[in-house]
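The structure tokens that follow cover one protein chain in two forms, given apart as structure 1 and structure 2.
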Structure 1
């Protein structure tokens, strides 16, 4: 056995294998980066208003009840595709009006139903939240959620 794997052969196997796997790692990293940039990002630009909407989403802990692309709690509806469901994906003003109307109507007071708390959100924040949800709706989720309602 000692004749088959000499010290220099073992070193060559080690270096050759290491170089091979570094090349594979770099190639897969480049492919992943290209896939994320070209296919897995939202179809609309990330603006200051979208960023503000994300901050509103985080500050009010919306993820504690809602899901966004399958991540979060399952107490309330999925919001990753809410603008498509509302037919407001391409109209920022309609998106704002529907979201604002929905938020103003909460809590509904219907006994036996899950209730959304009332949040004190400014008009600027509400518009930003609508833009964030429009932005999230344009992300290529590869057909997630599996149904329209999430």
Structure 2
């Protein structure tokens, strides 16, 4: 091996191969970008309201307790399919009402149970948050999660 694979050969293989894989990766992500926009998330328009909902989600850093499509923290339930779990995926008004009711009831204060904080969220923002969660739920996630438990 030592004769065939000199240091400079090893180096050239490293540089050449890396460039090759970067090119393939960039091509595939460009295609994936298009796929996401045109297919997997196209079931519901990405409105201003949904975008606002995403900002509300980010401002309160929900991701550091919950998972969303399985990514985030593991301290609290998966929310990518929460609207399905609540039976509210096809009913914006119901989605808002259940979500609002839930958020207002926090923190539960029950001893020995994980607590969710209380957030200052206006009605407009709460509606947007509900829309964002409905929007996330309609994403084609290749049938993940395996069941409604999330």
Partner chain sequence: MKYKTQKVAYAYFIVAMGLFAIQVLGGLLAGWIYVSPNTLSELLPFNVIRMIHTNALIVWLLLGFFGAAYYLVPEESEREIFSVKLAYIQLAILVVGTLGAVGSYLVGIHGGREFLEQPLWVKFGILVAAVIFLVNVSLTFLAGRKTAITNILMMGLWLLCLLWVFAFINPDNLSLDKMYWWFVVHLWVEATWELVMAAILGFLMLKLTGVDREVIEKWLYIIVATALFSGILGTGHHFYWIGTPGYWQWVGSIFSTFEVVPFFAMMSFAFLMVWKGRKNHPNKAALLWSLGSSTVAFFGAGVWGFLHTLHGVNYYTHGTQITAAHGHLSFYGAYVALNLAMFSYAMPLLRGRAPYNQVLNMASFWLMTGGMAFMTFTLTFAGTIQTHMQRIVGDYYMDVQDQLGLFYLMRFGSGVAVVLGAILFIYSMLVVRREVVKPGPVVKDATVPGE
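Numbering follows the first chain given and starts at 1. Between two forms, the rigid core is the largest collection of C-alphas that superpose within 1.5 Å. This structure is a prediction, so every number in the text was calculated from the model and none was measured.
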| request: Return 1 or 2 according to which structure is the form predicted on its own. | output: 1
| said: Once you overlay the rigid core, does the Cα of residue 141 travel 2 Å or further between the two structures? | reply: no
| task | Could you tell me how many Å the Cα atom of residue 20 shifts between the two structures when the rigid core is held superposed? | result | 11.2
